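Just the one chain here, the form predicted alone, laid out as C-alpha cells.
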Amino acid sequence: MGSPQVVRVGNNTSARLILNTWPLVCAPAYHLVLEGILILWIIRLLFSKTYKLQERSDLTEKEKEDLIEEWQPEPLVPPMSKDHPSLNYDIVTGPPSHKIIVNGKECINFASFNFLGFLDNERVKQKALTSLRRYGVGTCGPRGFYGTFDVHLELEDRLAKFMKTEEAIIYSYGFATIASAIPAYSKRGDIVFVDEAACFSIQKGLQASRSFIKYFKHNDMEDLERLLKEQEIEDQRNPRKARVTRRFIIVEGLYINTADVCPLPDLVKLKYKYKVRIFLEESMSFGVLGEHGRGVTEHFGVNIDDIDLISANMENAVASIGGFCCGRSFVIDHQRLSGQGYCFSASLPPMLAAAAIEALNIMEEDPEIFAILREKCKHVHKALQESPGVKVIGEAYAPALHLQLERSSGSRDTDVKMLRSIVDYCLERQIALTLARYLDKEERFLPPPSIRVVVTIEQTEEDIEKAASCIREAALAILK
C-alpha cells in the first residue's frame, strides 16, 4: 500500500497531507461488497424497532370474564397430607434430659443428643444463670458489630486449648458452622472430594461454595484414590490451571447418617500423597471419641496438625448451642472475614457460651465420663442385636445408632410408617425414640428410613434393658 504523500501547491510553502487513494481502488471486489453489507446492516439495526407488537383482536368483556373465571393459580406449595410427619409433632414439656415428658407422658429419653448429660447439669445451669444476670439474654449484633463479649473470647481460647490447636472460632448456630466454613475456603473452580454419606450441613456448604464436587463411596478409600488419580492425570494435562486450583477432602469423624467412623489414618496418607487439604466435621465425635473426648484424631492417634480444619457443633455432647472451628491461626482468622454465619448472624448468647465453658471444665476434670459413655454404647449395641426384623447400623461405640428394616417393603412411605409404628409402640410404654428425619428431595444421597437410638451416660442398665425389650416386642408385633 502507498503511504501519505506531501506535495507543494503553487508557491505556498505549507504542506498539505493528501491520502493516497490507490489502495481503495485496487481493493478486491468482495471486500467492498462485504463492507457495504455491514454498513447497511448497522444502519438497519440503528433505525429498526427492537420488538414488534403482536397483532391480535380485542376481547369482549364477556370473553375476558370467562377467561378470568377459568384461570386457576398454581399452589405456592405442593399439596401435603395432613398426616405427614412434619405436621404432627411430639410435644415436649420440660427439659429433654434423662427423663423427658412427651405428649404429657414421662419417658426414658433415647432420642436427644445429650450424650454427657450436661443439659440438666446443675453446675452448667448455674453458670448460665449467672451469665444471664450479668449480660442479659442475647447480643443483638454480629461479632464485628458490638457482638463480641469477653465470654466469647474466653470460650474460643478454651476450645483451642482443649483441642490442642492454635486458635478457634465460634458460631451461633451449629448447622451454619461447617456450612459457612466450606465456602470461606473453597470457591468456584476448586475441587472437593466428599463422602457420599456426608450430612446435610456439609451438602449446603458445598452448594454455597459453587465448587466442582466429586463424591466417593462411603468410607471407600480405593474409590477416593481412584478419583484423586484421575484428577492428578487431569492436572498434568493442564498444569497452569492446576496451579490455581485448590483441592479438598471433606469427611465426618463419626457420621450422623451411618453411625460409623471415617478411616482417618488412610485419609491423612492420601492427603500427603496427592497434596489435598482435609476438612473434618466432628459434631458427633467431639466430646465422645478419644480418651479425653477430643474426637476422631485422638481416637486414632492422628496428629491434629495433619488436619487442615476441624469443625463441630456444641449442641450434642456440650449441650449448648452453636458450633466452632479450630486449626492454625492463619486458617481460622480467614473465617472472621469470610465465614458468612460468623459475619452476618447475631453472636452466641453469652449465657450459652458460659454454659459451654462450664461443660468443658467438667470434661477436663472428669475424663472418665468418656469411658462410661463408650461402655454404655457397647451395652446398647449388644442389647439391640436380638431385635427381630430390624438391623443395627453403626459402630459399637457410637452414641447414636440406627435401626433399619431388614427387609424393605419396596415403598419408602410404607417403611417409614412401619418404623413410626414401632416408635409409637415404645412411646406408649414410656420409651422415647425418634425417626431419623431427612429432606427427601434435597438430600444428595438419601439414607434409608431408620429409627435413631441415642445413648447417654445417664441411662442405667435397667433403662437399657427395658428399651431393648420394648423394641423387640414392638418389632415382633408390627413386623410379623
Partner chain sequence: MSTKQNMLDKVGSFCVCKIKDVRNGSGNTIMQILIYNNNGLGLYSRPFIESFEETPMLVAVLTYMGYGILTIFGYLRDFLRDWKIERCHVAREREEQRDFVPLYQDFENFYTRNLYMRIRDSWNRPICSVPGAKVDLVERVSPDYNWTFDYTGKVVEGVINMGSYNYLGFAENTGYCADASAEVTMKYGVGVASTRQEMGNLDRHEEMEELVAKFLGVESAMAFGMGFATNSMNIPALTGKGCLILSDELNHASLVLGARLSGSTIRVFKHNNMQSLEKMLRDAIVHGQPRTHRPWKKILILVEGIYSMEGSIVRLPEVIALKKRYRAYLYLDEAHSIGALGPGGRGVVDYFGLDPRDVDVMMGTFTKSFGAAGGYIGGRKELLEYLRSHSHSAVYAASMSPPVVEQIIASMKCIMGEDGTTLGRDRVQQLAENTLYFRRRLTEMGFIIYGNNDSPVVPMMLYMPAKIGAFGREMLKRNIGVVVVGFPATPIIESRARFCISAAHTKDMLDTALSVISEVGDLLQVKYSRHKRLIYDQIQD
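The shown structure was predicted, so the numbers you read here are calculated from the model rather than taken from an experiment. Numbering follows the first chain given and starts at 1. Basically, rigid core = biggest C-alpha set you can superpose within 1.5 Å across the two forms.
Another form exists, predicted in complex with the partner chain; not displayed. Remarks below refer to it.
Handout entry: Whether S285, E298 and V390 all lie within 4.5 angstroms of the partner chain in the predicted complex by heavy atom
Key = Not a single listed residue reaches the partner chain in the predicted complex, so no.
Practice task
Given that the partner is absent here, state which listed stretch (258-266, 219-227, 367-375, 334-342) has heavy atoms within 4.5 Å of the partner chain in the predicted complex.
Solution key: Residues of 334-342 come within 4.5 Å of the partner.
Exercise for the section: Check each of L384, A160, I213, L132 and return the one that places a heavy atom within 4.5 angstroms of the partner chain in the predicted complex. Expected result: Contact residue from the list: L132.
Exercise for the section: Work out which of R437, R412, H31, R44 lies within 4.5 Å of the partner chain in the predicted complex, going by heavy atoms. Expected result: Contact check passes for R437.
Practice task
Indicate whether the partner chain has at least one heavy atom within 4.5 Å of a heavy atom of A396 in the predicted complex.
Solution key: Output for A396 is no: heavy atoms all beyond 4.5 Å of the partner chain.
Exercise for the section: Please check if G104 has a heavy atom lying within 4.5 Å of any heavy atom of the partner chain in the predicted complex. Expected result: No - in the predicted complex, heavy atoms of G104 and the partner chain never come within 4.5 Å of each other.
Handout entry: Partner contact for D150 in the predicted complex: the partner chain, 4.5 angstroms, heavy atom
Key = Output for D150 is yes: heavy atoms within 4.5 Å of the partner chain.
Handout entry: Q404: touches the partner chain in the predicted complex, heavy atom cutoff 4.5 angstroms
Key = It does not: once the partner chain is placed as it appears in the predicted complex, Q404 has no heavy atom within 4.5 Å of it.
Handout entry: Within 90-105, the residues that have a heavy atom no more than 4.5 Å from the partner chain in the predicted complex
Key = Sequence-ordered list: D90, I91, V92, T93, G94, P95, P96, I100, V102.
Exercise for the section: Using a superposition on the rigid core, decide whether the Cα position of E74 changes by 2 angstroms or more between the shown form and the other one. Expected result: Shift at E74: 2 Å or more after core fit.
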